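Single chain ahead, by itself, as C-alpha cells, in the form predicted on its own.
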Amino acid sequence: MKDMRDFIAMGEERGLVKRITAEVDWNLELSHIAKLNEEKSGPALLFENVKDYDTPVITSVCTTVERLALIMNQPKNSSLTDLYQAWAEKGETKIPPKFVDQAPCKENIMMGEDVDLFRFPVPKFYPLDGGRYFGTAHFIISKDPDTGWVNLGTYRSQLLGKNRLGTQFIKGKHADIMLKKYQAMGKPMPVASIVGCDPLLFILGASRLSAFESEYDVAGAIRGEPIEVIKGETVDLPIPATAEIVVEGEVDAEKFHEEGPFGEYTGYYSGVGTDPRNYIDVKCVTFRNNPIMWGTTVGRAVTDTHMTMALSYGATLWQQLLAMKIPGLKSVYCPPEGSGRFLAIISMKQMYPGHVDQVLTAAISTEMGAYGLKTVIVVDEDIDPWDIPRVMYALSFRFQPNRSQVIKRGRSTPLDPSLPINAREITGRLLLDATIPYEWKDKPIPIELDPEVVERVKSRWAELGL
C-alpha cells in the first residue's frame, strides 16, 4: 500500500469501503453521517458528491481494527495487540525515505495569490466548532534547524482564510520544540500540511515516537521499503510523493490568530471560545488530480481518531517498554475508549520482589507514558490485558488499594476534560497493582479444572447437545 487510493481499492475488495453517491452537505451533514456510521463500526465512507464541490471526501478510514490491519498489511483477524507486536518487531530497523524526481502530488500547483484553500471540500464537523477544519486526519511536517531531524505530527488545523491555517502546537510537542528554535533564530518555521497519502503516515504522525526519531524511518521499516518523498516547491522538506493535498507555508512564533473551539477526541471542547494561536501562512498548495480530502470526526469515542491513537500510542508504549529490557513483560493494551493514551493495561510474569513497581513506574517514564497517561494497571500473566472482564476480575480479587501508588505530578495534555480548563499542565497519576504479590509466602490457591475431566467432557460435547 503506497497511498490513499490503494487503501480505497483494497478496502472495496474486502467490503471495508463504501462509496456514497448521494449529495451530502459539507456543513455538518457529512460529519454526522460519518459519526453515526462510526458508532456502528461501519465501513470507511467515500463521499463522491459533496455539495458545492466536485472532489471527494473520505472518512472513517481507521475506525476498525480490521482496517488498521489492512493498513499495516497484517492478517484481517489481527487484534490491536497483534498489531502492537508487528509494529514493535518491524519498527526496530529504520528505513529512511527515498527522494524521487517526479510525484503525483505535483500534478496541480497553486502559488502566491492563486492559493485558495476553499477550493477543497473542508467539512464543518460539529455545531459549536469555530469553523471548518482542514486538518483533522492530516499531519504537519517540520524540520529541526540544528540537527535536520524531520518530524511528522498531527496537530489540528482550522481553515482561517484562503491562505491561512490555524495550528495547535501543544507545549513540549516536537513541532513546538522546533518552533522555539526558529523563534530564537528570528525566523519563521517552514512547514507542510499533508492530507491523504499512505494512511500509515497519518497513524505515525499521531504516535509518540521519541525525539530525533523520524516517523518516515519507522514507516519505511513497517512497510519494508523506503517511503518515496519529493522536495517541496517552497519549503526544503520531504513531501510524501503520493499525497493528495500538500499545503506549504511558514509559522511565525511571534504571530497569532484567534482559533477554535473544536470538538476534541475526549468528547468535549478543549476550551471556551477562541484562543490566540500560531498559524500557517500558506505560500503554495500542490495536489493530485481529483484530490481526495481526508477527515475524521474526532468527537466522543470511539471513532477512527481513537482507534488510530490506540494503535499508535499502544504500539509505541510497547516498543519503548521492550527497549528498557525489563524481563517478564507479556503484553500491553491501551483501550481506544481511553483514546489509547489515558489508560494502559500491562500483563507480566513476576520474577522478583518489586517487579510490578518497576513496570508501573517504567510505563510513565516512557516517551509515550510521560505525557498524559493517567492510569496504569498491571495484571498477572494469566490475564490478557485486552480481556476487560478478566481485568475487572483482577481488580476485584487481586487489587488492594494499600498497594497502589498515587503519583500526584505528571505532564498533562491541555485536552484532558477531567482537569479545570485553566489548570491542565499537570495531572495526577494512579498506578494500580492488580497482581498477587510475588513476595507472599502463602498465596491464594486458585480453583482449577481437572485437565483429564476437561478432555473427557470435550469429547462428549456433541453428545451433550452443547
Ligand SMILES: Cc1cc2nc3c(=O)[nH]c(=O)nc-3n(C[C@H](O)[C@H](O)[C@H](O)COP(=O)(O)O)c2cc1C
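Residues carry their position along the shown sequence, with the first being 1. Since this is a predicted model, take the numbers as computed values, not measurements.
Here the subject shifts to the form predicted in complex with the ligand, a form of this protein not shown in this document.
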Verify the flagged residues Arg132, Arg164 and Tyr279 against the ligand in the predicted complex: is each one within 4.5 Å by a non-hydrogen atom? no
Can you tell me which of 170 to 178, 94 to 102, 244 to 252, 124 to 132 lies within 4.5 Å of the ligand in the predicted complex, counting heavy atoms only? 170 to 178
So, Thr296 and the ligand: in the predicted complex, are they within 4.5 Å at any heavy atom pair? yes
Answer for Thr305 alone: is it within 4.5 Å of the ligand in the predicted complex, judged on heavy atom distances? yes
Considering only heavy atoms, tell me if Gly232 and the ligand come within 4.5 Å of each other in the predicted complex. no
Would you check, heavy atoms only and a 4.5 Å threshold, whether Tyr313 touches the ligand in the predicted complex? yes
Option touching the ligand, based on a heavy atom within 4.5 Å in the predicted complex, out of Thr136, Ser193, Gln320, Thr81: Thr136
Name the residue from Phe287, Phe202, Trp87, Tyr333 that puts a heavy atom within 4.5 Å of the ligand in the predicted complex. Phe202
In the predicted complex, residues of 319 to 343 near the ligand [heavy atom within 4.5 Å]: none
